[in-house]
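Below sits a lone chain in structure tokens, taken as the form predicted on its own.
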Amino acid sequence: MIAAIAVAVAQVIVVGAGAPLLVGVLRTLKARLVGRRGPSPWQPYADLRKLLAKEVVVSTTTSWIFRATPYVLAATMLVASLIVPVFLARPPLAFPGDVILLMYLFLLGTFFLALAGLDAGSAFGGMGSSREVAVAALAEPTIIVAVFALAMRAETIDLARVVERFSREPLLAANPAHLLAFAAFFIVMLAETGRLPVDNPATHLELTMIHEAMVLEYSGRYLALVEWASAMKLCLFMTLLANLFFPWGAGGLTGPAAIPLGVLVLAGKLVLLVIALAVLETTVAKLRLFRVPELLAGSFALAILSVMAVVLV
């Protein structure tokens, strides 16, 4: 019991404290790739500290939803960190079908954020909310189908057992279905976390924003919580990519004693994924909004092909 609590606390700390650093490293790499010095990797921590010290300004037209949304976002991401295999194959809340609960947690945060964008009554907030819901409706089924393709090969719907199975039998990953599922999941990760080419987190043009348009009315500690939750969501999606599709080094780790080694293995995988994401974001342009459904439809087709490849190959 004590060991399980220690692992749970460690996972929450790693995801909660490490997510801003992941975003900071990504920003620094992107700046260096285009020839700029860029901010320090630790800049997100300074930004969060500055926002926490600022006064909160709330419109008189908003309801309790606007105030509750930042806390819901942070809480759902922290609970999700207990379901995702972070540095150990078996997370504290592992159970058969846990991916369903994980997707519901992501959708719960998206739902409240969309309501908060509408609650403020601004034109840009409503526009961003409608776009976010449309993207989520196309992206979430792809995640389920892509993970289902992995579950079919691992013969289990438990995320922890999927990681353990692929870690024990690496040849299972040497399959076209695995590559197709990875491509589908990677595209959906870009959409769900608001990265290029679906969205541009660094833009200041309201007409092209999706996620940023919904949080325009937030300030102070509310904005800090929203930004922190966004960083944790990116960290969790990249962790799923790292451990579901490249589980080597994590599948055999169990118990609190393996936490330091698991953190190092995860850090190495995330560094490689961050480099790949930085290169991608510096080489592609943002898609026009009406082209985003085509991209997500393509990712869903890849996920379906992955399932078909598992059945046929």
Partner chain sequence: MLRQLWTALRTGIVTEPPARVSDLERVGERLAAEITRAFGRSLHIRQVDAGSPNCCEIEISGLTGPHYDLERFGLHFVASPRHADCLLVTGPVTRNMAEPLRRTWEATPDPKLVIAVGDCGRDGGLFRGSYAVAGGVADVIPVDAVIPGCPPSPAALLAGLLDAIRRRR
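Residue numbers count along the first chain shown, from 1. None of these values were measured; they are calculated from a predicted model.
The discussion below concerns the form predicted in complex with its partner chain, not included here.
Proximity to its partner chain in the predicted bound form, taken as heavy atoms within 4.5 Å, picks out 212-220 from the listed stretches 189-197, 212-220, 228-236, 171-179. Its partner chain in the predicted bound form is approached by Leu33, whose closest heavy atom lies within 4.5 angstroms of it. Remark: Val57 counts among the residues lining its partner chain in the predicted bound form, judged by a heavy atom distance of 4.5 Å or less.
For the chain shown alone, Gly268 is not a contact residue for its partner chain in the predicted bound form, no non-hydrogen atom being within 4.5 angstroms. Heavy atoms of Pro260 never reach within 4.5 Å of its partner chain in the predicted bound form, leaving it off the interface.
Shown without its partner, this chain lists Leu272, Ile65, Val279, Leu264 as candidates; in the predicted bound form, only Val279 has a non-hydrogen atom within 4.5 angstroms of its partner chain. Although its partner chain is not shown here, in the predicted bound form the stretch 34-63 places heavy atoms of Val34, Gly35, Arg36, Arg37, Gly38, Pro39, Gln43, Ala46, Asp47, Arg49, Lys50, Lys54, Glu55, Val57, Ser59 within 4.5 Å of it, in sequence order.
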